[in-house]
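Single chain ahead, written as structure tokens, the form predicted on its own.
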Amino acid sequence: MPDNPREATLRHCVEEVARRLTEANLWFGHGTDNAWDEAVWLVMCAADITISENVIDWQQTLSTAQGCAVTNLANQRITSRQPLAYLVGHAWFAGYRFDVDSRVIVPRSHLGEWIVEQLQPWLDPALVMEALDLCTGSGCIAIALALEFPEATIDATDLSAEALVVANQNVERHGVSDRVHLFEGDLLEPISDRCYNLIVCNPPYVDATTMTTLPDEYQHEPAIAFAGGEDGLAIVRRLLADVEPRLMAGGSLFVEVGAAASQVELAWPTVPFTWLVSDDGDPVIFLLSKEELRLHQHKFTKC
């Protein structure tokens, strides 16, 4: 907050916080990707200003109490290096709010960009009645699927019992407990012989070298959500080797691999992956149909 209360408009406070965040050399990548956007989120949360309002009065003056709350939250963000989502207790994904804490990775999957479009044009939404979300974490992907595919039932698995406590909290928050079912266990193991029209997965895909150089903010998140083995593909290999029987005829598999996309292409150069490209122009999610998985199964099982 500025020394002169008359200057303590919302815009001025956001500008001041953005400056402080920039000077502190923080890492932005947990719901925002720059200091300004994170400052807007921080100030509005601390000052209890509704973020979802379409029209924001940038010239509104913040009270002394609001200013103190902003300063305290900014100080916490800078000194602790925790993701802002943990400090405020929530994050946004696919347009929906989710409760989060250090038991789960902060929601930021690229899958959200396409779930709001019902994964079109790669998928006929009318055909999706049974879906599966692997490595669900906070449950954000499974819940977003349930909200965007209102006729579908969604199963979701995770190895972490602690993560599933948070996921269940979010399932209850969004009122989808009748259609989203959570299972504890390793990848496909908890679902027995169930089959699905759609399977999505945002697995750990950070390689061993990169794990040692992650920014401080990432150290507050569960390492199990990142570590993908030596080349980042340990979980992906297991999934591709086992998933085909769990897809119904005409079913589709969507897997987010982010920066490991080049490793996927190197590992299976003759597999015809369809790549979904992020807003930044990077291939981040691959798509394979059940038929493609079956045709190339021998390549996955021997890799």
Ligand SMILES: C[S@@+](CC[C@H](N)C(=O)[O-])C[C@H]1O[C@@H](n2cnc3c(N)ncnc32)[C@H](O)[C@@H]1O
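Computed from a predicted model, the values in this text were never measured in an experiment. Sequential numbering from 1, following the sequence displayed.
Omitted from view is the form predicted in complex with the named molecule, to which the following refers.
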Heavy atom within 4.5 Å of the named molecule in the predicted bound form: which of Ile141, Ala131, Ala85, Ala167 fits that? Just give me the one.
Ile141
Which of these residues, Ile191, Ala225, Leu123, Ala94, gets a heavy atom within 4.5 Å of the named molecule in the predicted bound form?
Ala225
The named molecule is absent from this chain, but in the predicted bound form, do Gln118, Leu145 and Gly251 each have a non-hydrogen atom within 4.5 Å of it?
no
Since only the chain is shown here, I'm wondering whether Asp186 would be in contact with the named molecule in the predicted bound form (any heavy atom pair within 4.5 Å).
yes
Examine Leu182 and determine whether its closest non-hydrogen atom to the named molecule in the predicted bound form is within 4.5 angstroms.
no
My question is simply whether Gly137 lines the interface with the named molecule in the predicted bound form - judged by any non-hydrogen atom within 4.5 Å.
yes
Applying a 4.5 Å heavy atom distance criterion, does Thr153 contact the named molecule in the predicted bound form?
no
Among the candidate stretches 68-76, 157-165, 174-182, 208-216, which one is within 4.5 Å of the named molecule in the predicted bound form when only heavy atoms are counted?
157-165
In sequence order, which positions of 203-235 have a non-hydrogen atom within 4.5 Å of the named molecule in the predicted bound form?
Pro203, Pro204, Ile224, Ala225, Ile235
